[in-house]
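Quick setup: one chain, the form predicted on its own, written in C-alpha cells, and binding and motion questions come after.
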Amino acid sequence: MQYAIINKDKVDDFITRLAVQEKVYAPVARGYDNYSFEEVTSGKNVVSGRYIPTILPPKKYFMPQRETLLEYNLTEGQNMNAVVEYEKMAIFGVHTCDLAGIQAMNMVFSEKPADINYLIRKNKITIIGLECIEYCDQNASCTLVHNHLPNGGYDMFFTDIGDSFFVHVATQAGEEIIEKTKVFYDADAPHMRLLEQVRERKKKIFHDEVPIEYHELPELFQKSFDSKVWDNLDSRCIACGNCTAVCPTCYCFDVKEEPDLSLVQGKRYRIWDSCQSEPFAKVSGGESFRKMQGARQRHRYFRKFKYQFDKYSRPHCTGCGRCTRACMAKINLKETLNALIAEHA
C-alpha cells in the first residue's frame, strides 16, 4: 500500500496501538503557544493539527544534547569501550521544515569519516511527517527555502484532507506500521483529488516571504561579508546561544573527559556547543577568529545560506522560524535578510 487513509477519529487509536509496539514521541501543547516533542502512550494530548514548531526540533533524538562516546576502566590495562546510546522509536507529527533539518543532518554526519553514533541512532527512528496546510506563524520562511512541501525524508506522511488524513507510505517501516496498527484503509481517486485540492490551496497561502529567489541566496551573502547589518547585530546580540540550540541544522559539539576521582574509570562524552559562544572559535594561544558578536552572527547566517548551500546545494536554514522566536534580543531572521537585500541586491 503506497497511499492510505486514516479517519481523524482513529488517530488516537493509531498512536495508542503504535505506542504498544515501540516508544512514540509526538508534539504536545505546553502552554502559551509552546509545543514540545515528548513521549506519549496515547493520542489524547497529541497535536495532529496546526502547531507552531516545537521549542526544540527532533534533532534532540538524533543528536542528544549530551551523549557518552566511550567509557574506560584502567584497573586491568587499557580497557576502553565505545558506547552508542540509542533506542527504537517513532516520531509522529514532524513538519516539512523539520524533515529538511533531519535530511541536512544526515548529509553532514554521513560524510567521511561517518559519525557512527548518529547513523546507528538514525536507523532506529521511524519518522511520521505531518503537512502544514497553513502558516504556523509570521516567523516561518519555509517557502523561501523550498521546504513548505514534502520532499522525502519520512517513512509515512500525513496530510489533512478534511475528515481524514491522506497518508503517503514511503518505506518498509511505514508498511509495517500500517499492518501493525490496522486503522488505515486504501486511498482511492476521490481522496487523491482532495489531496490535489489541498496542495492547490497551499499555492495561494504560501508565498515568498523574502524578496529574493532561492538560487540567489549564496550570491547575496557573497556580497554581504562586510555589510553594516553585522554591526547592527553586534550591538544587539547577547550571545545566549538560543538560536543555535533550537536550530534543526546546528550540530556543533564539544568533547569532554569525565574521569572519576581515582582517575582509573571515567567516560568521554560530547555536548552541544554554539558558534555564538566566545570560546568556541578560540585556538591555542587564546587567539579567536571571531572575537566580536557581529562576526559570530555573520558566521551563523553564512552557515545557513552560503557555506552549506555551496557544499550541499541546499541551504541549511529550514525556514522553521525557531531562531527568531527564541531570540532574547529580538533578532529576526527575515528582517536580517531584508536588510541585506536592501543593501546589496
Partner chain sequence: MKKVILKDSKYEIKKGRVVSVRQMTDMEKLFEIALPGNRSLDHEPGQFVEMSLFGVGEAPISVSSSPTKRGSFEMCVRKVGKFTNALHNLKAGDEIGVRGPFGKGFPVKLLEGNDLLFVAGGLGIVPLRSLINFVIDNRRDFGKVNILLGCKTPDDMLFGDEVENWQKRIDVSFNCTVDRSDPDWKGNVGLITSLIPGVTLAPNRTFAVVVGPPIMYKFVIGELLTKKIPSRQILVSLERHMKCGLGKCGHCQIQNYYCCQDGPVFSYDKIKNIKEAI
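Positions refer to the first chain, counted from 1. So that the term is clear: the rigid core is the largest set of C-alpha atoms that superpose within 1.5 Å between two forms. What you are looking at is a predicted structure, and each value in this text was computed from that prediction instead of being measured.
Omitted from view is the form predicted together with its partner chain, to which the following refers.
S.K.: Under a 4.5 angstroms heavy atom criterion, identify the one residue in 213, 134, 76, 200 near its partner chain in the model of the complex.
M.R.: Residue within 4.5 Å of the partner: 76.
S.K.: From the list 230, 109, 157, 184, which entry has a heavy atom within 4.5 Å of its partner chain in the model of the complex?
M.R.: Exactly one residue meets the criterion: 109.
S.K.: Residue 85 near its partner chain in the model of the complex, any heavy atom under 4.5 Å?
M.R.: Contact with its partner chain, yes.
S.K.: Answer yes if any heavy atom of residue 166 is within 4.5 Å of a heavy atom of its partner chain in the model of the complex; otherwise answer no.
M.R.: No, no contact at 4.5 Å.
S.K.: Does any part of residue 38 reach within 4.5 Å of its partner chain in the model of the complex? Heavy atoms only, please.
M.R.: No, residue 38 stays farther than 4.5 Å from its partner chain in the model of the complex.
S.K.: Might residue 50 be said to contact its partner chain in the model of the complex, defining contact as any heavy atom within 4.5 Å?
M.R.: Contact with its partner chain, no.
S.K.: Tell me the stretch among 171 to 179, 235 to 243, 116 to 124, 188 to 196 that has any heavy atom within 4.5 angstroms of its partner chain in the model of the complex.
M.R.: Selected stretch: 116 to 124.
S.K.: In the model of the complex, does every one of 9, 220 and 316 come within 4.5 Å of its partner chain, counting any heavy atom?
M.R.: No, because 9, 220 and 316 lack any heavy atom that approaches its partner chain to within 4.5 Å in the model of the complex.
S.K.: If you apply a 4.5 angstroms heavy atom cut-off, which residues in 238 to 257 are near its partner chain in the model of the complex?
M.R.: The stretch touches the partner through 251, 252, 253, 254, 255, 257.
S.K.: Kindly check if the Cα atom of residue 77 is displaced 2 angstroms or more between this form and the one not shown relative to the superposed rigid core.
M.R.: Yes, because once the rigid core is superposed, the C-alpha of residue 77 moves 2 Å or more between this form and the one not shown.
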